[in-house]
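Presented below, as structure tokens, is a lone chain in the form predicted on its own.
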Amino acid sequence: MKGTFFKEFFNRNGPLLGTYLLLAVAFWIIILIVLPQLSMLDYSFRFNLPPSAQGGEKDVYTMSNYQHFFNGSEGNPERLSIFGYQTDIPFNKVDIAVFFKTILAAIFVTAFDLALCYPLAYFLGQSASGPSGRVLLLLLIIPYWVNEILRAFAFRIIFGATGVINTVLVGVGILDTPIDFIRENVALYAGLGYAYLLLMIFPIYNAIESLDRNQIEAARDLGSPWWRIHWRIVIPFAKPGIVSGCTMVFMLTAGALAAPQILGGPSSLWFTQIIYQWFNTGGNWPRGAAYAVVLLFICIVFVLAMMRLFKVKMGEIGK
């Protein structure tokens, strides 16, 4: 089976181009993805030793970094409570609370982008065609030519106390005093949702564009309401694109760093900021690696669970 695949691949692309493509893909997967993740995993099981002690007798594997995530440091007064009963198990309340808040926020941003992008992707895929469709796609892409950090600062200005939104709301009399959108994390969620819009739109658009319009017309002729057309025809057909878009938005939102640092309020803390602090401010790479591995593992488990729930296979997402 594999021999047949490679034979067809080289027949289709030629020996020179086929070899280059295979080497490029192998370099991308092994050098840029697999080896860094394995190195991070190895770091997560190490003690934080000075360079002179690395490779010595003290440089052994340990679970202390993962234990710190769940139990906190020594002398931690917090104890795990199960159904109202206090236990003697140490509990890292701060880090775990930030972790789950980050995951829930990523789910919220993903759902927000899906609700916003599905109608737009359907319009582009089924209604907009020819020059008008290409113009709309270009208008969607152009704002993303601006650097992500600059866009985040622009959102901070727009949602600021003296920003455009507060100025308009106060000017028309809807508000008496400006709202602190930064402190309430409204700017953060809006900025994250906007940052990954294209990653949600294009997979859904690519799926819906290939849908035969005759199916929709036949359903309309038979008297099916619009919501049933989407529920029974469009959404099942576009499900791989929806899952693909949701996967990318969720993973990138959970792993975002620049937007939470710029748009987050004083009391807002993203789990990636804790990882960043361990790597830089704390100078504890093994502990930062362990926290990064925990985030990666939980995100992968969540995505695989959603794929199983919606009965979508990995091959369907890759199409």
Partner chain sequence: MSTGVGVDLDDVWVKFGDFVAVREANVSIKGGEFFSFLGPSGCGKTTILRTVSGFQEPSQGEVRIGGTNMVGIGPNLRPTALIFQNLALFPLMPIWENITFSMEVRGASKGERRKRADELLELIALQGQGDKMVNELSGGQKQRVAIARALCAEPDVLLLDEPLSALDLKLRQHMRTELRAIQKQVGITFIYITHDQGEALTMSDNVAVMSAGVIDQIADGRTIYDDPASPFVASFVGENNVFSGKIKTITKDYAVVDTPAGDLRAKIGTAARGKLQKGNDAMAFVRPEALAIAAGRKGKDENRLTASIKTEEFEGQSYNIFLNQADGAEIKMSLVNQGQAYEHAPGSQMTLSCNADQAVVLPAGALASE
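Fair warning: this is a prediction, and the values are worked out from it, not measured in the lab. Numbering follows the first chain given and starts at 1.
Not on display, but discussed next: the form predicted together with the partner chain.
Visitor: Contact with the partner chain in the model of the complex for Q215, defined as at least one heavy atom pair within 4.5 Å: yes or no?
Guide: Close contact exists here: in the model of the complex, Q215 approaches the partner chain to within 4.5 Å, heavy atoms only.
Visitor: Under a 4.5 Å heavy atom criterion, is R79 part of the interface with the partner chain in the model of the complex?
Guide: No, R79 is distant from the partner.
Visitor: Is G223 part of the interface with the partner chain in the model of the complex - any heavy atom within 4.5 Å?
Guide: Answer yes; at least one heavy atom of G223 falls within 4.5 Å of the partner chain in the model of the complex.
Visitor: Test of understanding: in the model of the complex, would R232 fall inside 4.5 Å of the partner chain by heavy atoms?
Guide: R232: yes, in contact with the partner chain in the model of the complex.
Visitor: Using a 4.5 Å heavy atom cut-off, which of 88-96, 185-193, 206-214, 102-110 contacts the partner chain in the model of the complex?
Guide: Careful reading of the contacts points to 206-214.
Visitor: In the model of the complex, which of the listed residues (L199, A219, L137, L114) lies with a heavy atom within 4.5 Å of the partner chain?
Guide: Flagged contact: A219.
Visitor: Given that the partner chain is left out here, which of P119, P236, P131, G171 has a heavy atom within 4.5 Å of it in the model of the complex?
Guide: After the contact test, the surviving option is P236.
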